[in-house]
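Next up: a single chain in structure tokens, the form predicted on its own.
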Amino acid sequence: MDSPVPTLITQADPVELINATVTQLNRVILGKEHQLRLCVACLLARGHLLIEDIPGVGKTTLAHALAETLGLSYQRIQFTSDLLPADIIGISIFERETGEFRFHKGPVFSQLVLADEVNRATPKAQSALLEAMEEHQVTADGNTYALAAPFFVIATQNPVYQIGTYPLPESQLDRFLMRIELGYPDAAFERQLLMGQDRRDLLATLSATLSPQQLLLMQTMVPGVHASDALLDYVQAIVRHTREAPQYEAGMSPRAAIALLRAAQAWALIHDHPGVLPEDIQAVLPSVVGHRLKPRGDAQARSATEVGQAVLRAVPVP
């Protein structure tokens, strides 16, 4: 059966839909419009999102607000040191009536899955997400089960210096298209938080500004956003710099290069640009490459955001 997605092409302009989405998210997460637009661009580019920050800045609230605003089914998984892979993907249970095992799906079978404090679980539990994130399916007891569409993982991560964390391996970090930080709010916005309604209460007032079908349509539009030869030269210059620069242990992989281009195409789409501009690359690059490039030696103290900014300074626009 043909998908109903194409029937939505003329119903609303993508830029208007995104602006309405960001406006509603701004009611809950105050003063972080750039980060909110990065979240939406990440989803439109069919990617997964890693939010790394200290506890209490709104990471979990942001994930829940995105689910409500985008009209997606939502499940939250609290990652702890005793979490098992079966707690994520599901488990087969023997049913006496039928004499057979029946697979009971876990919380990963949702359109938006929040892996809360993902680096507090052991590597074995963390790895249970790898197949789901890369293949949009899970395998259990020799059977493969497809996941919902669209499928989006938002993982929150505490700083690695905090007690009880297990750093994510490079192979899993690479599965996240973007990594963002929320940071502390400005004084004016923090005053609004102090005087206003509880953010969790505001979640109940949110309505969907997009349908999953509209979201799927916009995801199909992203690869069609024009990228000129000169723009691709810029992307390749960035990739080449990370591979040749001595301050990184390893440069950007081909998958990372594709991720950078897709993220920039999504950014161009939601800002109604006729094609991808260098400014689109610059807007998304710190979030795309910061968690992929590992500084070596004395540079290890630099944050992921600082790493991305250093790349931008080092590579001029052709």
Partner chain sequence: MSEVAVAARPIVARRAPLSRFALQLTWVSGSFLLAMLPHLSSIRWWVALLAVTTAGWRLLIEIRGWSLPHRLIRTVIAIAGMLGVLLAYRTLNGLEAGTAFLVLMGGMKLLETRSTRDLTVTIFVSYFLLYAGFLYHQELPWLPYMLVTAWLLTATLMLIHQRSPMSLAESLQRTARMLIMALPLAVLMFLFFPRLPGQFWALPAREQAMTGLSDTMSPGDVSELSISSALAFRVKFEGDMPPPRERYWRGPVLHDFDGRTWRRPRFGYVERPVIAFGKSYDYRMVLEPHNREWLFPLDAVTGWPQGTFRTADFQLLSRRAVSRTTSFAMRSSPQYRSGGPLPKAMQMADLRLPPGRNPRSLALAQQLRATVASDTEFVQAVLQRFRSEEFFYTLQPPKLDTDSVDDFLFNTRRGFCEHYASAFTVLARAAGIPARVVTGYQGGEFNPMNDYLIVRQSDAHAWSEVWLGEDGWVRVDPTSAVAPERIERGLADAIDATESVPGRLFRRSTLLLQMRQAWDAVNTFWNDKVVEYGERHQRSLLERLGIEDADWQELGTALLVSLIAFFALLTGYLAWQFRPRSHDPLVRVYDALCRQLAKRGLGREPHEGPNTYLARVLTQRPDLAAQLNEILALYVALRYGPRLLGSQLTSQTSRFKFLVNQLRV
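As the structure is a computational prediction, the values presented were derived from the model and not from experiment. Residue numbers count along the first chain shown, from 1.
Not pictured, yet referred to below: the form predicted together with the partner chain.
Enquirer: From the candidate stretches 192-200, 94-102, 138-146, 229-237, select the single one in contact with the partner chain in the predicted complex, where contact means a heavy atom within 4.5 Å.
Expert: Comparing against the partner chain in the predicted complex, the contact stretch is 229-237.
Enquirer: Against the partner chain in the predicted complex, would P55 count as a contact residue? Criterion: heavy atoms within 4.5 Å.
Expert: Taking the distances in the predicted complex, the answer for P55 is no, it never comes within 4.5 Å of the partner chain.
Enquirer: Does E249 reach the partner chain in the predicted complex, with heavy atoms at most 4.5 Å apart?
Expert: Flag for E249 set to no.
Enquirer: How about E33: is it within 4.5 Å of the partner chain in the predicted complex, going by heavy atoms?
Expert: E33: no contact with the partner chain in the predicted complex.
Enquirer: Quick check on Q282: any heavy atom within 4.5 Å of the partner chain in the predicted complex?
Expert: Yes.
Enquirer: Would you check whether the partner chain, in the predicted complex, lies within 4.5 angstroms of a non-hydrogen atom from each of P254, A304 and V307?
Expert: Result no, not one residue of the spot touches the partner chain.
Enquirer: Scan 269-290 and write down, in order along the chain, each residue with a heavy atom lying within 4.5 Å of the partner chain in the predicted complex.
Expert: Going through 269-290 in order - heavy atoms within 4.5 Å of the partner chain in the predicted complex - the hits are H273, P274, G275, V276, L277, P278, E279, Q282.
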